[in-house]
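First, one chain by itself in structure tokens, the form predicted on its own.
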Amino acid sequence: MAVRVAEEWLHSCSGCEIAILNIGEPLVELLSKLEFVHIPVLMDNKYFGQLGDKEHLEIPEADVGIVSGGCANEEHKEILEEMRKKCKILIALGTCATHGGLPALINSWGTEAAFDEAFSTTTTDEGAQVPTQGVPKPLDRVYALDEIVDIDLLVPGCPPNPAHIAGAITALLEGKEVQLPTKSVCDTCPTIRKGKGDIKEVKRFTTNAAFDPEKGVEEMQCLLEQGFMCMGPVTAAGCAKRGAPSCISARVPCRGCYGPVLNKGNQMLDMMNALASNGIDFTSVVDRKNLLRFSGAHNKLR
């Protein structure tokens, strides 16, 4: 019997859904074992019945539920709670779902202040207001999914690694424990490390790192040791597809898109400690809150 799957996207960009498609050939075999009963990005299943005649939002019952995106308004919250009610296992897919992602940057100011900034300009008509009719009421901030309902499995990434999605689904199908990376980006980075070095201040990434384009990334000095704000020490591994972490492969510092190494970790505080332990002046960081650019839910940005 096929496993029934329901998928939803909330405050998201569809990158996680594209990551599912990017599973590639293994997805063909997986699909033969799955029955998608609800997935708005691919199939039309009306929340209030195909004729719109039902009074309450309904999603079909499923063995596994997958939700991408954070929770930012009352509609998101209602859909998420219905998914939790109807799905035996609920997976938060992508960093927006697990830690708030980029949309949670609004938490630095609060929804009301951010909307005032976005909708009020020098050309805005006097007395103009944020729309309230026909649109969902925004929440006070952007929430990660596990702040609203119980989540059984967190699969971070912006976007998440297709191999991890396939591995998680396969493990669930076979009744095995899901295995996801537990190390940091630094633990999987092949660059050369010489020690603390002479860097005392963090440099902004406005100039290229020092490397020989004719040589592999494994012959490049650690970007943090070069003085660049590389968040590898405090970011969960998982982005590597062909050896080195994705950003490092492009000779670019890790930006922290997989969220903290530990689910409840604080990337900003942990990074400040990492800099201090390496003899780098943490006050040279221009925008410390920006270190939570991908993990500003769980009331960390406020």
Partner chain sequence: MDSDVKIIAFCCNWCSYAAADLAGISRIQYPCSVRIIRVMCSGMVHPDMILHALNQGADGVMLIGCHLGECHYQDGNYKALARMEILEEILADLGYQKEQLQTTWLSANEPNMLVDAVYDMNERLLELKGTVGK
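Residue numbers count along the first chain shown, from 1. This structure is a prediction, so every number in the text was calculated from the model and none was measured.
The form predicted together with the partner chain is left out here; the points below concern that form.
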Review point. Can you check whether M272 is within 4.5 Å of the partner chain in the predicted complex, heavy atom basis?
Key: yes
Check your understanding: Would K300 count as a contact of the partner chain in the predicted complex, using a 4.5 angstroms cut-off between non-hydrogen atoms?
Key -> yes
Check your understanding: With a 4.5 Å heavy atom cut-off, would you call M268 a contact of the partner chain in the predicted complex?
Key -> yes
Practice item. Although the partner chain is absent from this view, report whether S277 comes within 4.5 Å of it in the predicted complex, heavy atoms only. Key: yes
